[in-house]
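Presented below, as structure tokens, is a lone chain in the form predicted on its own.
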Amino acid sequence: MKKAVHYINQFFAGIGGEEMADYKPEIREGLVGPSLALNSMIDAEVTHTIICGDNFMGTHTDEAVEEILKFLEGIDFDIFIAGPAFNAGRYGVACGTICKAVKEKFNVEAITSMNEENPGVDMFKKDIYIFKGGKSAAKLRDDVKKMADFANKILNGKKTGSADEEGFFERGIRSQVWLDDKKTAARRGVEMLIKKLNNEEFVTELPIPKQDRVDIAHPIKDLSKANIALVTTGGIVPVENPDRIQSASATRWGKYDISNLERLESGVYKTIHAGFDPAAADADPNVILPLDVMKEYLREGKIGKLHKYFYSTVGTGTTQKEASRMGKEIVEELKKDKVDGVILVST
């Protein structure tokens, strides 16, 4: 019987949410949380479940990876599965990090699943198999099944298909294959050209990645004369959250007057961000939005002017499309008020 090991975070292990995100790596024999679903679908026995808090993996990466690799040294396993991570950014990066490390150390295939908006996709899709997953845990069984079906092909020595055929993100790997129709490259190329000339649909055999590049801004020549604004994706808002910005998957942003403030006071401002423990930010909102420091710089003449408004939204779970839209809307405001530079603070 083939054997598998499964990696999950503290939330799916039932240990806790953000308050337990610093949970240190642990290995348990048997099934925990999503491992139950995986074990029922995969042609192998999930013998162990590895658990690690998302914050711990993110802030103590080398320590976490080293500890987990030590766990695995005395274990016999044929495949490694992580997640699924959905659109949870830290979880996705954690899954990608440990999958890559396990594959390199033990020379076994490592598979995970993430939503296309997860930052872990671009970071690790060239290193491991990352399947296209849902945005939330509502798609858990579907996402686990995709990973298990592909894992079964590997475990049973069956031929695997392309990224499009199997459902994982393209890895940038090109393989030479014999086509069933035995058409030469020259004939296929001519057929594609004819379709293109006739405005007919065709699929290229050499897709060119689309690069979303932003030109680097010119440096500010003299900060002592510059108008600087504060923008944050850390969810700092007045306590009543007047713009009803969502705590995750945000589609709204807010603009708040700070012209008469020296610092943001606890109880007047807070964070609504659902992606980290809010205790420190609620106790002192300036740790996310450093108004106190910027006012000091203003008094010292390091900057010429601090823009009278700060702009805020939430980054966790927010889609690239919505983030791009909100960013463009905020930029128009900044340009209208002749802002020279922005300090973009996050979490």
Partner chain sequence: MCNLVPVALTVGANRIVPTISIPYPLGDPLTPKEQQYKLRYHRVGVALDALTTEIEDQTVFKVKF
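Numbering follows the first chain given and starts at 1. Small disclaimer: the values here were computed from a predicted structure and weren't measured.
Below, we turn to the form predicted in complex with its partner chain, even though it does not appear here.
Screening 90 to 98, 252 to 260, 237 to 245, 137 to 145 for residues having heavy atoms within 4.5 Å of its partner chain in the model of the complex returns a single hit, 90 to 98. Among residues of the shown chain, Y309 is not one whose heavy atoms approach its partner chain to within 4.5 Å in the model of the complex. Contact check for D43: no non-hydrogen atom falls within 4.5 Å of its partner chain in the model of the complex. Contact annotation: V287 falls within 4.5 Å of its partner chain in the model of the complex, judged by heavy atom distances. Contact annotation: D215 falls within 4.5 Å of its partner chain in the model of the complex, judged by heavy atom distances. A single residue from the set L72, L155, I228, A274 has any heavy atom within 4.5 angstroms of its partner chain in the model of the complex; that residue is I228. Each of A281, K302 and T347 is positioned with at least one heavy atom within 4.5 Å of its partner chain in the model of the complex. In the model of the complex, N55, G58, T59 are the residues of 55 to 72 with at least one heavy atom within 4.5 Å of its partner chain, listed from first to last.
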